[in-house]
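As structure tokens, one chain now follows by itself in the form predicted alone.
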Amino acid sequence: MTLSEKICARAAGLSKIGPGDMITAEVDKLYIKDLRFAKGEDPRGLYGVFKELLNAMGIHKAWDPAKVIINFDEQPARTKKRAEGQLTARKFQEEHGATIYQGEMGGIGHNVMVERGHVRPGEFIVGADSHSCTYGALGCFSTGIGFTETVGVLATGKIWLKIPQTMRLLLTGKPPPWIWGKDIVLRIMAELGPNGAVNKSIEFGGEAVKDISIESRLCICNMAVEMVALNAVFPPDEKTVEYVKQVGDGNFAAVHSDPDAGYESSRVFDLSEMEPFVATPGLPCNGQPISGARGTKIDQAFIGTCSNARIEDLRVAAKILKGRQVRAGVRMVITPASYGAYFQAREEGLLEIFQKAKAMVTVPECGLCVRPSLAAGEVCLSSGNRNFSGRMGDREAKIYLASPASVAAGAVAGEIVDPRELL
């Protein structure tokens, strides 16, 4: 079996499974963002539907509250809907129990989940957000689920799953020091296309994996859903074990694919001669070497989102911005992914570097990822994961995706440039 198949088999209490099998899996962790508690997909709201389901089942308490993690992705709430979701989430916690991260304990939920030790190799995790596939970077099976599935897991701790086929992506060669996870995943997506992994599991492997940081692996897995993959996973290695022990209790059972595991397909990506990548507006899969977009004028530079704003990203941005300033006419916004990253950046003097460079540093949250900030005709160079029309404001605005290094370099130059020129 593959790594993902082994984890799913363990969650289902089975010794052997394969692609196409239907299983009932026991969930190890359920992640829910605050907005999911607001009334939206159903006028009763998630909590209202959940209570009706409990009554119908003749039970009064949620499934194991110790395994339910809720995060407030926006603080303070900037909309009535968000405030409603946070209020309802607190009510849920009071009545049923759960772990809630807010204030200086929080940030963007996917990063908080990892940094607070809620993600461990070998676990079966689901999250009420499409980018829950991020956690596979630590060797677990993790996927996003919808409204109905979230209610069901809250009540029972179980979920149905059709075992996906697995694509194996082998990363080979020695990645240059100026290449980060965002460059790698933009290149992969450019080759596979927007529907390149529909309902499939992506398993990374190859000699280059050992040279890819945990932060970069998180970025790569985060964007698997942009290829419509069900999940993505890196095999747990020494880096994984060391990281998990740093943030958690070290109690986990890592698994690996069998030598004779069956894969639906296999692709090889040689990283040794890579140059930085950028995705042009419209789709995240519109990737190309950054030289192809060189000279594109920008109005806004944004480092943030659950894709890229971790401490590694903040460090490389600071390396480029130190002793320089953001070009006049460009607004640069840096939103750390969590308070953990924010406080670490403060201790290392990175925030001071950003401020001297005339960049705006905001509190950790989802921020500009989905908040209108662009007028018609404006161009944003973003470290985010989506560049759809209208994603960050007017539908006539344009969003380019790139690594934090490329975003920082663009902010200084006032246009898209190769970050190697400033490193």
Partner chain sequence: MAGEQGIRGRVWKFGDCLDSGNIDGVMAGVDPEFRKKVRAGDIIVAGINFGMGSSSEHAPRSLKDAGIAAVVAESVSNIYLRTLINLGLPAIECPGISGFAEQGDELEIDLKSGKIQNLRNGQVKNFPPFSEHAIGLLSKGGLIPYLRASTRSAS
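Remember, it's a predicted structure, so these values are computed and weren't measured experimentally. Residue numbers count along the first chain shown, from 1.
Not on display, but discussed next: the form predicted in complex with its partner chain.
Engineer: Looking at the partner-bound form in the model of the complex, is Met360 within 4.5 Å of its partner chain by any heavy atom?
Structural biologist: Met360: no, not in contact with its partner chain in the model of the complex.
Engineer: Mark Thr143 yes when one of its heavy atoms lies within 4.5 Å of a heavy atom of its partner chain in the model of the complex, and no otherwise.
Structural biologist: Contact check for Thr143: yes, within 4.5 Å of its partner chain in the model of the complex.
Engineer: Can Asp64 be called a contact residue for its partner chain in the model of the complex at 4.5 Å between heavy atoms?
Structural biologist: Answer no; every heavy atom of Asp64 is more than 4.5 Å from its partner chain in the model of the complex.
Engineer: Taking its partner chain as it sits in the model of the complex, is Arg36 near enough to touch it, meaning that at least one heavy atom pair lies within 4.5 angstroms?
Structural biologist: The answer is yes: Arg36 has a heavy atom within 4.5 Å of its partner chain.
Engineer: By the heavy atom within 4.5 Å rule, which residue out of Ser265, Asn251, Asn195, Ser272 makes contact with its partner chain in the model of the complex?
Structural biologist: It is Asn195.
Engineer: Just to confirm the contact call: exactly one of 315-323, 148-156, 288-296, 87-95 touches its partner chain in the model of the complex at a 4.5 Å heavy atom cutoff, so which is it?
Structural biologist: That would be 148-156.
Engineer: If the criterion is a non-hydrogen atom within 4.5 angstroms, does every one of Met22, Asp129 and Leu161 touch its partner chain in the model of the complex?
Structural biologist: Per the other structure, all of Met22, Asp129 and Leu161 touch its partner chain.
Engineer: What residues in 26-56 sit within 4.5 Å of its partner chain in the model of the complex, counting heavy atoms only?
Structural biologist: Residues within 4.5 Å: Arg36, Gly40, Glu41, Asp42, Val49, Glu52, Leu53, Ala56.
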